[in-house]
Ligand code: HEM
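Single chain ahead, by itself, as structure tokens, in the form predicted alone.
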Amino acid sequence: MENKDTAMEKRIPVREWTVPIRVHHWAMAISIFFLIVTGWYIADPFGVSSGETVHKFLMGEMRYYHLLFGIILTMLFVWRMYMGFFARFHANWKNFLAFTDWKNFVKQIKFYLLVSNERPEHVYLYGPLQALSYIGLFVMIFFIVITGLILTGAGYDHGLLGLAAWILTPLERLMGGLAVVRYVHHILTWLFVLFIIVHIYMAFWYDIVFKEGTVSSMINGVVFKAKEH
């Protein structure tokens, strides 16, 4: 029987994630976290601070930080789109096409459902399901930013928010008004919560099964691949 040291010798460190991708990942994670917390409070205030009413401005502060992190998320979205098409590194837009490899797609589903022991090939940087989930994430970010701009710009006539409101007013009317826009924004928030739960679970599951250091790779950028003989 092989000991642990021998098993470890068969793995080699591989630089998987660049610094920009790791910075973007954690910046987006922090932004989404604060957006969810502040968004929940705005939708349903669950506490009132003590003291004189004149000194209370908790809702205003929550709205301020919600808008702040919304702007940061928008910038991160634009940055990731730029990196996908123009940055000189391996995590470009082509890696999001991994889901088009239908044979590997089916193989990965069978593997995750424990129907098959055959591990799916990683031809692209992402696996088929991973690529599809990230496409879904960016679609959700796009729509939550758009609906957020509509809600924030409502009632503004000047400045950037007024310009955004003027541009997006036709979309607001097409969706059926601010009430529907707010509802869509709220549903998207819960989809983000669901994505986070599944994402964290799959990251740890993948790390435990393959022992490649998947979780720590988003900190140091290194995964440990099995050495080919």
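Predicted model only: the values in this text are computed from it and were never measured. Start at 1 with the first residue shown and count on from there.
Same protein, other form: the form predicted together with protoporphyrin IX containing FE (HEM), not shown, and the subject of what follows.
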item: Segment assignment from 141-149, 78-86, 92-100, 106-114: heavy atom within 4.5 Å of protoporphyrin IX containing FE (HEM) in the predicted bound form; value: 141-149
item: Contact at L129, H199 and Y206 by protoporphyrin IX containing FE (HEM) in the predicted bound form, all three, heavy atom at most 4.5 Å; value: no
item: Contact residue in the predicted bound form, chosen from L163, A43, M175, I30 - any heavy atom within 4.5 Å of protoporphyrin IX containing FE (HEM); value: A43
item: Any non-hydrogen atom of L125 within 4.5 angstroms of protoporphyrin IX containing FE (HEM) in the predicted bound form; value: no
item: Partner contact for L168 in the predicted bound form: protoporphyrin IX containing FE (HEM), 4.5 angstroms, heavy atom; value: no
item: Heavy atom of H186 within 4.5 Å of protoporphyrin IX containing FE (HEM) in the predicted bound form; value: yes
item: Partner contact for R63 in the predicted bound form: protoporphyrin IX containing FE (HEM), 4.5 angstroms, heavy atom; value: yes
item: Residues in 60-74 close to protoporphyrin IX containing FE (HEM) in the predicted bound form, defined by a heavy atom within 4.5 Å, in order; value: R63, H66, L67, G70, I71, L73, T74
